[in-house]
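The chain below stands alone, shown as structure tokens; this is the form predicted on its own.
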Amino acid sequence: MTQSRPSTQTTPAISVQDVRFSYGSREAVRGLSFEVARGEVLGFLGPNGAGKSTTIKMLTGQYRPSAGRIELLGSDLARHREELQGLIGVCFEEKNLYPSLSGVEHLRFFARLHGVKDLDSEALLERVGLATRGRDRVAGYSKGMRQRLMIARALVNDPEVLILDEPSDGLDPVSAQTIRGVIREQAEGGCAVLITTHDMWEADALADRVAFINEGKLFALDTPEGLKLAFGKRSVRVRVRLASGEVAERVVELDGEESAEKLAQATRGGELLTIHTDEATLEDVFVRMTGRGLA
């Protein structure tokens, strides 16, 4: 397993140390360890049933690990759960909203629960693209609008730790881009962000590091670039028009010896039309490491 840590913080905002959790006789999380620094976005990736949701429930204090230790912001979560929960923002995959309330009423209600007295709900709704629908009842919201409200709700207490379960679920491309911008803004402000997602492109674009989890265990933890270079295969796809008029496509592997000469040979013998690099994706790496896909 590859593992690299950011060096910007001496005390991580999230520290998970050899954590385990079981549902009866089935061990769902098996010796999981990782850290998230302040100002970092960690993508937590794995297929359904890998242990991601169970880990989130432990991080938010809903479940207590059967073994191991979780620290948030330098404090033991088991001993300081209520205090730490006030410093966490959470967006669960389930849309647990109140249909009869408006967007503004939702934010104000949760602000009161957190003891926040000076919330600018209109500005927060504007950040997630709901400025014109804040007075409307949630019953009339689309799935994507409800998701954006869930993310806004997770920010009412200006959290130091932000945990987002499938943050782009139900979002169109424009809304997804808006939410990615909000997540980056939170991280740039010093917030530690952990996101779970099935979208490998989103993880690649957004996360500073990604963690691969499967069957309750951590398989790898590194930057997206580091994982792709360490475990992926790089190649170039060359298309050449031959003297006969036919188009030939040639694939050259870049990771072996004499790759430069092989590439030069592939471009000879006709009119060069296109050259495209075929870089490994995070999903390619995940399948290669675990033998299974993310679906």
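These numbers come from a predicted model, not from an experiment. Sequential numbering from 1, following the sequence displayed.
There is another form of this protein, the form predicted in complex with adenosine-5'-diphosphate (ADP), and it is not shown here; the text below is about that form.
Trainee: Since exactly one of 227, 28, 32, 42 fits, which has a heavy atom within 4.5 Å of adenosine-5'-diphosphate (ADP) in the predicted bound form?
Mentor: Looking at 227, 28, 32, 42 one by one, just 28 meets the 4.5 Å heavy-atom criterion.
Trainee: Name the residue from 70, 50, 266, 37 that puts a heavy atom within 4.5 Å of adenosine-5'-diphosphate (ADP) in the predicted bound form.
Mentor: By the 4.5 Å heavy-atom cutoff, the listed residue in contact is 50.
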